[in-house]
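Next up: a single chain in structure tokens, the form predicted alone.
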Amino acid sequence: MAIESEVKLRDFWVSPFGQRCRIALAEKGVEYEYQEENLSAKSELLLKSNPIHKKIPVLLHGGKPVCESLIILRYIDEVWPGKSSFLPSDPNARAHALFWADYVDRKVYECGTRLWKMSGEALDAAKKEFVEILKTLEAELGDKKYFTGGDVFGLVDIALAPFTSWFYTYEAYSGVRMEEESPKLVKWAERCKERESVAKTLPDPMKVYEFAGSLKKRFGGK
């Protein structure tokens, strides 16, 4: 990895949004300082670096903060070009990739969270919506190795890959069977985990499950 002593990432271990940034930095070969954030008592540095949303992840490069994970991914891609870009050079193909990265942002996290937080009719509604999301993503993936096409591990793959460590939690709490509903997506997830950048970043699915369980109890769930 290239030595970039002025690169720091304020993050939280289980955050899929922070994991995106870690995967991207690893893909580009950028060495950085990882700084774990206590979300129950947010640091002054975090609040100063991201005063609007007050959220992780925050990338600090030369003391200057970059916020919001998809923006951070594009920043990493531009500052450290590396061997290949996360986005296609063709404007239309690039816009297409940005659309699907935004789709992941808007749909997967929010609906997936409802799978382990909700019960009753709210859970049933979340399950129905989540299956639709899976099938939509699978249709876009098609028979491609990665979402960008070919051997290019791109922006959409990096945006979605961290959520694969939540697949077990989604199944355990909702009954959604990932392999039955979206077998191509599950195979894609396996391919992603063969990459060193992903394998070294994603947490053990059982630890994610335990974390979700502790949050559920905190929220008053059973």
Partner chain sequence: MAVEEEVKLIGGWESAYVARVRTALNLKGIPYEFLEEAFGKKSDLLLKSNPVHKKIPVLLHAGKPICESLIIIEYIDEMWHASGPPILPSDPYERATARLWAAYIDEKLSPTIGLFLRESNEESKKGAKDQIFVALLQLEEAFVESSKGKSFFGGDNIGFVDIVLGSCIAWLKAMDKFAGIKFLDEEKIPRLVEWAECFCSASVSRDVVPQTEVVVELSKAILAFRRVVVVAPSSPNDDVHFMLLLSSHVIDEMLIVVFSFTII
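Keep in mind it's a predicted model, so treat the numbers as computed, not measured. Numbering follows the first chain given and starts at 1.
Quick note: we don't show the form predicted together with its partner chain, though the next part is all about it.
Checking Glu121, Asp102, Asp151, Glu110 for any heavy atom within 4.5 Å of its partner chain in the predicted bound form turns up a single hit: Asp102.
Only one of the listed residues (Val156, Leu185, Cys67, Leu46) places a non-hydrogen atom within 4.5 angstroms of its partner chain in the predicted bound form, and that residue is Cys67.
Although the partner is absent from this view, Tyr146 stays clear of its partner chain in the predicted bound form, with no non-hydrogen atom inside 4.5 angstroms. Interface residue remark: His53 is counted as part of the site for its partner chain in the predicted bound form, having a heavy atom within 4.5 Å.
A residue is said to contact a partner when one of its heavy atoms sits within 4.5 Å of a partner heavy atom; Leu98 meets this definition for its partner chain in the predicted bound form. Put simply, Ala139 is far from its partner chain in the predicted bound form: not one heavy atom of it is within 4.5 Å. You can rule out all but one of 35-43, 168-176, 58-66, 190-198: in the predicted bound form, only 58-66 has residues with a heavy atom within 4.5 Å of its partner chain. In the predicted bound form, the residues of 73-89 lying within 4.5 Å of its partner chain by at least one heavy atom are, in order, Arg74, Tyr75, Glu78, Val79.
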